[in-house]
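Just the one chain here, the form predicted alone, laid out as structure tokens.
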Amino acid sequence: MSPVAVAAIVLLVFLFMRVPVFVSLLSASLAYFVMTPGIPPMIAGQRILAGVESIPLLAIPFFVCSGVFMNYSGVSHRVMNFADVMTGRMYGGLAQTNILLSTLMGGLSGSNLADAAMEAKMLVPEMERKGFSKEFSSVITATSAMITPLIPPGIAMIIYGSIANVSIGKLFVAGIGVGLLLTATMMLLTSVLSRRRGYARSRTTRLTGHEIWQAVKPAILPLLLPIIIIGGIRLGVFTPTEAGAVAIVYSILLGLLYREMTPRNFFQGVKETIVSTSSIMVIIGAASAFAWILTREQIPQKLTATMVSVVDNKWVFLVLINLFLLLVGMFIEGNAAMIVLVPLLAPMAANYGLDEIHFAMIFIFNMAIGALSPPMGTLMFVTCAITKCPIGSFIREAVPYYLMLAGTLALLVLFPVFSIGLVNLIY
């Protein structure tokens, strides 16, 4: 049996045994290096370090840190009040607020798990007091957190861009259209379900102009951050990596302005940033070593040649790839899957003439769905752990939203304008 086959078997066995992803990838890589004559095992260590020694990847700790600081600076409550004003008269009330808050906070934090944990603590207890079921509240919270990696500055876009050598700035712009598409379809479904179940609106009367302004005014400065990031990158003021540093400074200034950023909060935020970044970087380093093995064995070239010989239609290719990515996302963490699969699939997509930005957003959207899907959906487990919702009840309640996500993915695949329309307009 060839070393690469042994490495693949080790990886699959460990993943199905639910061994941590980075341990599975490292074990598979080491098995290959040990069994392949002429390759010193120390190269494995070199490839792991090389995988994380990337300037674009510096944006990850920067944006993670800015998102954490935003939570400690009082931004979340201000943005939530703004979202409540915008959605109060819609069917679903707080459920709609939950969705819009994820969309807005996605432009500030970039972390779907952080968003799910925050809203599970802030909104789910209030939703239950308003008459929403625990299962419905948990599903809304977990599903809306999927929007976060799609809205700039999503961490997934940074990782994809650095791996596939695609403009991170263009991916940020593309994420706006995709994120708004998912927000709209989710709000529509939530409105329909809420009307059928009798979930009341937050209010039935119109707010006065003064009341609206009182809710909008505190949220203006936080909501300027995505505009500053996109505008600064597009105008060439700073790179996507430098934009992360700008976001940190901006979040600290907001904390000082609102007088909610204390020295204790600052150091706690730094600690959370280190922990979150470390977990991401360990996976990236391990997956980088495995990706090097795939490249050395010319697996991408062989797969491309095989696929082209079997499938000569790009739409058939897209159907097969989406089914494959949905399956992978159910078992493998999104960032790890991205690092291993992007070097394989991006060249194949290019060979079929697919736009690199369009394919990138399709890939990221599939991984976002995987974070919600059993048996290993991280968003599902994080949300249920906080809300104490049984997993079985969560899955049954989430069925309409799984169908909605499949429909939204189909729209994204069939109509590239959702992903590249804004990119073509701005760039």
Partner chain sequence: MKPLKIPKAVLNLDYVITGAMFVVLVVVTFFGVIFRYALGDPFAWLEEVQLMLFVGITYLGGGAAFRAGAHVAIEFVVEKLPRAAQKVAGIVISAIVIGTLIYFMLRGIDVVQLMAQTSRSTNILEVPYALIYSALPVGCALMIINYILATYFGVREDHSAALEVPQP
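Bear in mind the structure is a predicted one, so any value in this text is a computation, not a measurement. Residue numbers count along the first chain shown, from 1.
FYI, the form predicted in complex with the partner chain isn't displayed, but the following is about it.
In the predicted complex, at least one heavy atom of Lys271 sits within 4.5 Å of the partner chain. Although the partner is absent here, Val399 lies well away from the partner chain in the predicted complex, with no heavy atom inside 4.5 Å. The partner chain is not shown here, but in the predicted complex it comes within 4.5 Å of a heavy atom of Asn71. Contact annotation for Ile158: none of its heavy atoms lies within 4.5 Å of the partner chain in the predicted complex.
With the partner left out here, the partner chain still marks one of 221 to 229, 193 to 201, 325 to 333, 179 to 187 in the predicted complex; by a 4.5 Å heavy atom cut-off that stretch is 325 to 333.
Between the partner chain and the residues Ala44, Ile364, Cys384, Ala371, the one pair within 4.5 Å by heavy atoms in the predicted complex involves Ala44. Note on contacts: among Val311, Met122, Ala215, Leu354, the single residue with a heavy atom within 4.5 Å of the partner chain in the predicted complex is Met122. Residues Phe14, Leu15, Phe16, Met17, Arg18, Val19, Pro20, Val21, Phe22, Val23, Leu26, Ser27, Ser29, Leu30 of 4 to 31 are found to place at least one heavy atom within 4.5 Å of the partner chain in the predicted complex.
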